[in-house]
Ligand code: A2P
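Next up is one chain by itself, shown in structure tokens, the form predicted on its own.
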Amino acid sequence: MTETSPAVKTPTLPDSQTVTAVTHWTDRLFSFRVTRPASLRFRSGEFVMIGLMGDNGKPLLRAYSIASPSWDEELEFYSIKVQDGPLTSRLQHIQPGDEIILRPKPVGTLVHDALLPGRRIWFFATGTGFAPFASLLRDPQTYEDYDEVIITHTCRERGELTYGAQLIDGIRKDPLLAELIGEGFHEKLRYYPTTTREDSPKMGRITDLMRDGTVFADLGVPPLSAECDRAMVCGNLAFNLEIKDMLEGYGLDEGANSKPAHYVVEKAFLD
């Protein structure tokens, strides 16, 4: 993991914000923080369009979940590096002081407003799909609304879990969060990381571990039910479709901002 030192300069591009810090977690994953527009208001779990100016002078944009909570003074993003990707092949090289384009119109389905009240919330993530949950896990409402908060994160290799693992550890130790949410809030938080290719303490796809009951046995909780459980899902397309079917099998109905229900899936982007 490498991290660059914070730096700031004045934005000059339309809708631009300044990069304040960059951390490279693996050769495929990095996160970065940027200044926050004074007018930007968003719900934890939403995404915005960000990017860079293309060689043709036109903005090159894609959807990115905001990984920082709604109360943060800066914005954080978590990204994969695609060497031949139109945007990420360039975005991975940003440095503190550089500018990115940010369109301050947040939207998304991974928000508390899209769910009915429940006792337990599950966050199911693969890869960089962890990003919206990085925001929600630092939102006081998450702990006010639920007695138990479970975040599962499945990646191919152990190094790809580092961003999430360090964030979870930081949440549990953060005195500011304890002040915002209340002492002992972290006791509600359960973290369940798994890998599919490299050996780790817990191997396997989360959907397989749910089917054979391993997840529920490990966590000491019953299988999901519409009465108690709510869920949010963010990952690659195959994962989203598979776990959507599983949640429906548990009797959960898909919700939306306009019609809250038992679970929601982010469909705006893929990791």
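Small disclaimer: the values here were computed from a predicted structure and weren't measured. The numbering used is simple: start at 1 and walk along the sequence shown.
There is also a form predicted in complex with the ligand; it is not shown, and the following applies to it.
When the ligand is considered in the predicted bound form, only one residue from G127, P140, G159, P106 comes within 4.5 Å through any heavy atom, namely G127. Here is the short version: of S70, T35, T207, T26, the single residue with a heavy atom within 4.5 Å of the ligand in the predicted bound form is T207. In the predicted bound form, at least one heavy atom of E242 sits within 4.5 Å of the ligand. At a distance threshold of 4.5 angstroms between non-hydrogen atoms, T196 is in contact with the ligand in the predicted bound form. The closest heavy atom approach of L60 to the ligand in the predicted bound form falls outside 4.5 Å.
In the predicted bound form, no heavy atom of A131 sits within 4.5 Å of the ligand.
Annotated contact segment (heavy atom within 4.5 Å of the ligand in the predicted bound form): 149-157, selected among 149-157, 114-122, 167-175, 87-95.
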